[in-house]
Structures are given as C-alpha cells and as structure tokens.
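So this first bit is one chain, no partners, the form predicted alone, shown in structure tokens.
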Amino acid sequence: MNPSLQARYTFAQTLAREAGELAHNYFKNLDQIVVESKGTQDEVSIADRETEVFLRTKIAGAFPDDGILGEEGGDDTNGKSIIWVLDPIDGTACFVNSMFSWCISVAVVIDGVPSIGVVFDPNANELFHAALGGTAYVNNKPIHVKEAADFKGGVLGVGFSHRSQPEEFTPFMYTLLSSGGMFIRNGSGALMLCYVAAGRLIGYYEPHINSWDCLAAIVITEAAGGRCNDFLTNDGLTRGNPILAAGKALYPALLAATGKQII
C-alpha cells in the first residue's frame, strides 16, 4: 500500500470511530433532539449535521487538498483527485426512533476509483474496513462473502426509497420469494452491504441509493471477495445508482432477478 493511501486508510478508521462516539452521545439523548423532514421517509437531525461538521473539520485539517462530498454538507469536489464521501449517520430513521441499525460511513475515492471504505457501527462496536487491493476486516478479523449458489442459500438484504417507484421493486421481490429466497431490510444500506461482506447476508439489492450510503461498503464487499455493479458509472457519485452486491456465484442470478440492465 502506498504511503498516501495508507495514511488516509489509518486516519479514516480513527475518524469513523470518533465520529461514531459523537453520534452515539446524541443517540443516548434522543429526547433532546429536534428531527426535521427532508421529504418522504427522509429525516435529518442535529446529530447528522454536527457529526458531518466534525468529519469535515478533521479531514480538512489532515488533508486540506482533498475534496469532500457529504449527505448533509454538500459538494466540495470540483477539480479534486481525492474525494472523501461521507454519511454521518446512515440509517437516520432508525437512529431517531431508538433503533440500533445505523452507522458512520466514510469512503475515499482516488482518481475515480473507490479506494478506502470504513463503516463503524457504534452500537455493536464493529468497524468494517478495507482498502483497495487489501483484505476486508471487521475490527481486526478478516471477513469474506458467503458463496451461496442460489437464493435458498441464505437471507438477502434489500432496500427501497421513494426515489424509486414500487413497480420497479415488487417484481424483484416476487422473483426472490418465488425462488425460495428470504429478505431483510434494516434501514441502513451501508450496514447491510457490510453484512454481505461478512457473510451474514448472501447479497443486497436496492434500485436507487446515494453514493454516501454505499461507496465505503462497496470497497469492503469487493475486498471480501464479493462482486458489485459499477456504481460510479453515469455520474453515480452525485446522482446515485442501483446497487447490487453478492458473492460471485450468486451475482448473475441477482442481476437477472432485477429485470434491469445494470452495469
């Protein structure tokens, strides 16, 4: 690993843990938090905003020439070859309703390639992390995807937001269930993708997801031996895209079940 990548990888792990501690302090005092709506089933709180401010401040101090794209704080990426992609709290709806399915997601994209992924779950004290070309870990334990042969081989993670239409998604669910599969949706795309990397889920599908919700976990999943679609195609960084992730044996069946042409 080159020194520039190593420095950011080490920094990102510490940063995600520190941001997780900050967010968790808010989580323990939810009765003092005001929640606002950004749209249908899309909420935000001071915890999201203050955690992203913390992340941005730390990154700017350590790597002032790097760009930053965050869910709450906007886009500062123009002309930058190294971009940090942040979700201060992935799973806000769970967070504000006292459920534990939320996390901190930190990715680094270098010259257009997702190169570092760190996802921290403060409630479980699990730090999922990987760098391009390296091994995927949860804390210090190497992880690997589960190589299921078909949908009967385990539980599939799914996600849905109202950026998509129900008719896009329901045929997929029919195919999954008709094939003997089962699903879970826990409210955090980043965590469910990390569960794919750790072999807890056999795959994940969401018809549209934002880059800050998945880029870190894509790096981790691919380092764990999984396959994902080319998420950054067609300006996925700023516009989002579908996300598919699974072991290499199951991936073709997962793609076929979507009924879509996904790169």
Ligand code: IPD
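Just so it is clear, the structure is predicted and the values come from calculations on it, not from any experiment. A residue's number is simply how far along the shown sequence it sits, counting from 1.
The next section is about a form of this same protein that is not shown, the form predicted together with this ligand.
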Worksheet item: In terms of non-hydrogen atoms within 4.5 angstroms, which of the given stretches 230-238, 200-208, 216-224, 58-66 touches this ligand in the model of the complex?
Response: 200-208
Worksheet item: Just one of A130, I89, L156, V106 has a heavy atom within 4.5 Å of this ligand in the model of the complex. Which one?
Response: I89
Worksheet item: Within a 4.5 Å heavy atom cut-off, is P114 in contact with this ligand in the model of the complex?
Response: no
Discussion item. At 4.5 Å between heavy atoms, is T77 in contact with this ligand in the model of the complex?
Written reply: no
Worksheet item: Does G187 reach this ligand in the model of the complex, with heavy atoms at most 4.5 Å apart?
Response: yes
Worksheet item: Does E71 reach this ligand in the model of the complex, with heavy atoms at most 4.5 Å apart?
Response: yes
Discussion item. Using a 4.5 Å heavy atom cutoff, which residues in 148-170 contact this ligand in the model of the complex? It's fine if the answer is none.
Written reply: G159, F160, S161, R163
